[in-house]
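This document starts with one chain, in the form predicted on its own, laid out as structure tokens.
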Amino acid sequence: MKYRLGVFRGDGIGPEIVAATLQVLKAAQERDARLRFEWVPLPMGWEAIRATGSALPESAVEALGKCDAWILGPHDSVSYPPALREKLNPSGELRRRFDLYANIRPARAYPGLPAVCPQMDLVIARENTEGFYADRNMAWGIGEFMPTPDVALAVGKITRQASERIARTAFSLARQRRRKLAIVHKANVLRKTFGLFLEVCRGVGAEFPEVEVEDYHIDAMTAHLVRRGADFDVIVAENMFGDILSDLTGELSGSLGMAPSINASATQAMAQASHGSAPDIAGKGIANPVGMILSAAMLLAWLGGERKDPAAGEAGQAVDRAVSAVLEKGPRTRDLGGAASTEEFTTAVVQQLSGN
């Protein structure tokens, strides 16, 4: 198959780690004649602001409608002009516009790398469209408001439809893995909203009798992850809890700077590393590209499943294995205790992938 992949280079270290990721994807393409990519470069972040005055031009969004998937480099939205900081950031806007409801965030420790939980290997399925995040839970306006200068209110939204589809995604993941799923909620306090989320997730679980199901209050889950993170397989949570827990598990498994993720709907997906743009090291050639490369591997796996394309699925697995092999034996970037540049690390992954 041939896939049209949009490419947003992003801000800070974004251009460096996205370039590294494209090198790896080109190597994956070269090793399998069944797989072909067509790159669609698109402006985002400061590159777009300088050219158009917008951090995410409408022309770029429209172009994605003709893409199978896309790669999103990190954005440095806190540095944007004040008027743009008031708007939804590029990542949030793309999630909203394309209804990318499933944010899938793995956390896995690697042999030879230090980790608080060296046996951790889990996946968080985060609902991506509602909850208490004010930038994406309303059809019009935002979910925060101030009736007086001294009172701030926030509206959280939990719906049966959104809860059901993220639950079904999470249970499907668990069925492919170790067949264990944990539902995270706060239904003991927020009985209507999180009560609905818990009820719906358990209802979907009845369709997956082979999957063992438990549920945990969010505060208890943070303690369990620190104490026995290796016991968990797939965790499903609403938006804010999923965001917080995935940052925690990223650190417990080694480093949030290596954590990958994809944002997916039923028809499109976006590869996006969990970390930020790290402007303090931008342009120095020392950024760790693992999070972005593994996000692209997840994107290939998603294409393999959704498009029923074995070549894409196999390529995703091959990229994952190549990264794991290089992390285990080196070279490693400076944040992992090594001395390799971004380019040197990427070359090692490409060579591993190519069998050289």
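These figures come from a predicted structure and were not determined experimentally. All residue numbers refer to positions in the sequence shown, first residue = 1.
The form predicted together with a small molecule exists for this protein as well; it is not shown, and the discussion that follows is about that form.
A single residue from the set Ser277, Thr169, Asn128, Ser163 has any heavy atom within 4.5 angstroms of the small molecule in the predicted complex; that residue is Ser277. Distance criterion of 4.5 Å from any heavy atom to the small molecule in the predicted complex singles out His75 from the list Arg95, His75, His185, Arg105. Contact check for Ala287: a heavy atom falls within 4.5 Å of the small molecule in the predicted complex. The small molecule is not drawn, but in the predicted complex it has no heavy atom within 4.5 Å of Val211.
When contacts are judged by a 4.5 Å heavy atom cut-off, Leu88 does not count as touching the small molecule in the predicted complex.
Among heavy atoms of Ile281, some come within 4.5 Å of the small molecule in the predicted complex. Just one listed stretch, out of 225-233, 211-219, 177-185, 269-277, contacts the small molecule in the predicted complex at the 4.5 Å heavy atom level, and that stretch is 269-277.
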